[in-house]
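Take a look at the structure tokens below, where one protein chain is shown in two forms, each on its own, as structure 1 and structure 2.
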Structure 1
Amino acid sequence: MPHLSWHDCRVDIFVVTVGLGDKIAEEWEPLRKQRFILAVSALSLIATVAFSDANAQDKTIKIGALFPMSGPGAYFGAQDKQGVELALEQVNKEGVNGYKFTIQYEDSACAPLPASQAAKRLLDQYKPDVIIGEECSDATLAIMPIIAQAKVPLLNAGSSSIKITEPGNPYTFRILPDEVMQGVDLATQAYNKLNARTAVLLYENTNSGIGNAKVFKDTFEKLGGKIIADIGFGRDVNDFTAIATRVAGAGKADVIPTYTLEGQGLKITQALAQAGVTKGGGGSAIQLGTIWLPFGFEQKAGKAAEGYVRIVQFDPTDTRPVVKNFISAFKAKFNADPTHLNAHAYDQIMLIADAVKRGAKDAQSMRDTLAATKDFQGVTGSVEFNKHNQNIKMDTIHYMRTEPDLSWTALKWN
């Protein structure tokens, strides 16, 4: 019998039987069986690889991000993204319970209409397991019902309006203190620590601006303080000379709580100093603020920012290991010091990763697991959600004061 090559073995056994007889067919039968076994094994391997690939794709947590990348709050989006990217880099090194994390950003522009449109794009096209954002309260309030209808949890870190968590939305969570928590604390600290007895309120006419000012007013007056002027303004106001003059003529103000975004905040602060009202302009009034302003505001405002006391969500002088490690990693990646916006965005991702570690794997289980959060330790502070999904921990409220050399001092008030 002539030598048969592997190539010859591809001849069908039927042809062999007809052309060479039963004897040769019998000799070729083992080769045919071997060929069949190899083919089945190859198909099995392909199926296994395909299943593994599909399974790996299923082990993904999809995060949607609604950040203001344009408009007056664009600085929020830029700094949020840095914090998010650092956190994702860290959690994706090894994954969490076998899961990796992906993200898609949409520009929500710090306004209701573009935020709503961006939320719909994320839900329709990306189909996320969880969404983070927005920063501005009016935009957050607009997207909440859209996201809740889709039964996707929304994790917020920057919007302070009480309407976001009261009377409650089962799919909306907030890790920062709301306007009542912030306003009560700010007014109490002003009265007790700064010995303030008179105040002028300056605020933009938005849900958050009006709400923050009202809480401060109610608390301050209850303590025995007096509001000598209550001034709201639209986001279209660019010249604050007239308002500063009005403040100067209202009488001696010990503190001036100011609720506005960075652009108008700079102009207000400089106008008040030029009018000789605040410490930066030789006056005695101390300007107060909340988390609306980014780190670096004092360098932009210059001498006018002297004495400014404001709430921030992150204290870089905090000695906890989680804070030290975050600062070190941020500097290594971005060659800059982290801001409180970087920090609270970072914490959003880390809280999501913590929820996955506790068993979250899709939108509904993510919602349920987030709701059960009691002792998360982040770089901004700790998180424990109440029945309205509002963080009740006050260690996320930090205070800083701008010094004459434009450096700042952390005030250990909480």
Structure 2
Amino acid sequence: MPHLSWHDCRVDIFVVTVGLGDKIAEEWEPLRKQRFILAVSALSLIATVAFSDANAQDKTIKIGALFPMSGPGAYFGAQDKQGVELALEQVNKEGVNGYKFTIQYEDSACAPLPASQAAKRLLDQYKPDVIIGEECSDATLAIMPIIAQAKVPLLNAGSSSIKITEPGNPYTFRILPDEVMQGVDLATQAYNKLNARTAVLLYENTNSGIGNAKVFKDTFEKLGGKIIADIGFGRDVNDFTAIATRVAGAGKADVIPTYTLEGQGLKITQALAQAGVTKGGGGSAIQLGTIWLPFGFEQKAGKAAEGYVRIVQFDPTDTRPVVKNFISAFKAKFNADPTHLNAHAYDQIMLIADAVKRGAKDAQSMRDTLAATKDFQGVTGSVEFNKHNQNIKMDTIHYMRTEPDLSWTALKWN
């Protein structure tokens, strides 16, 4: 059998396709049939490889990510991306049910208009099977109808406004405890576990700030507690001395539920301690907080944070293997401790991978499988959705108390 090179095959294809003169054809006659068979086999092989490549490409779950990557909320996007990258690295090692995961990020800028534009671009150009994001409630509320209209599931882990799941829509899922779950639980625990009977409300004048404070107020008053001051402020307030003085003059407050982001939160905690209101400043009031403040807040606030009781989205002292593995993998990859934003982004991808494991393969089956989620074990807690697609698992609400040495004690109230 003569040795055939790829070059010969190419010549053969040329002969078959273009055709040569009879003389040349005669010279090639002895080998023609054999070469033809080989050429067809080679082409079939190429076609098979191409076809299987196409199949492999088909076995891809496309994830769209709408994160704020510019503007004041850019720190959300940067940390979200870290959690996503770690999770993708892990799930793509071996794939899930033969599926690999790809992602496309769009800057949704924490505001309705850019978020809407980014969502439309994702849907039109990337055609994702599932979308994760946004962080800010205003932006999430704006993109929800657009994404639902395209019948693509949206998995949210950062926006606490109750409107996102009440009434919500069939395509929007939230793994974060909503403001009612947090507010009702916080007020109940304050009343029952801390024996609080009086409270001062401090909150930023935003969708989430007002909503969270209202839920606490309603629950606390229903239980028999009294709100002795109700203080809202803009995000542009930088000096909280006047507000702390007002709190000090309002009467004896047992607890001070505070709803702000970290920057203002630090200033409020220090101002309240300086005014001698909270435990950190020699007073008796306990500052209460929800999921707004990241890990490391106490180190920045210093002694003023002593006694602060707050809900955290991610408990790094959690001893479940899934949490320990996440922390060690995150440290190995980024040489830093993970924050709640890293953890939530990681959980979003892992929940999507879990849905794929349970049979999700496109947008509609992803929606249906996500809706049927029961007891998914994430690093921030477990997940089970109610009929409004809100995670109802209370183990996502972790209570922590700040000790004098600024360490955390997990209160294990849930």
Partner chain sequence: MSDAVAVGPAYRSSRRRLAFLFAALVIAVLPLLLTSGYWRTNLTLCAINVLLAIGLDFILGYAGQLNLGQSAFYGLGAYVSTLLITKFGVHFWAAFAAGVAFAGLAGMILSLFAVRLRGHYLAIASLGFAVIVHQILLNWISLTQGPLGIYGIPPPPAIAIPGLPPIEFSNQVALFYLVSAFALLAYLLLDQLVRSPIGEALTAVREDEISAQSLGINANAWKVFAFGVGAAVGGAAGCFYATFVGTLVPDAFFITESFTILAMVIVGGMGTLIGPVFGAILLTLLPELLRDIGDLRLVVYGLALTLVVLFMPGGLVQGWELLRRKFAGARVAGGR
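All values derive from a computational prediction rather than experimental measurement. Start at 1 and count along the sequence of structure 1; that gives the residue numbers used here.
Q: Please let me know, 1 or 2, which structure is the form predicted in complex with the partner chain?
A: The chain shown as structure 2 is the form predicted in complex with the partner chain.
Q: Which item in 68, 199, 177, 152 lies at the hinge of the rigid-body motion between structures 1 and 2?
A: Every other option is far from a hinge; the hinge one is 177.
Q: Rounded to whole degrees, state how far the smaller rigid part rotates against the larger between structures 1 and 2.
A: So the smaller rigid part is rotated by 11 degrees.
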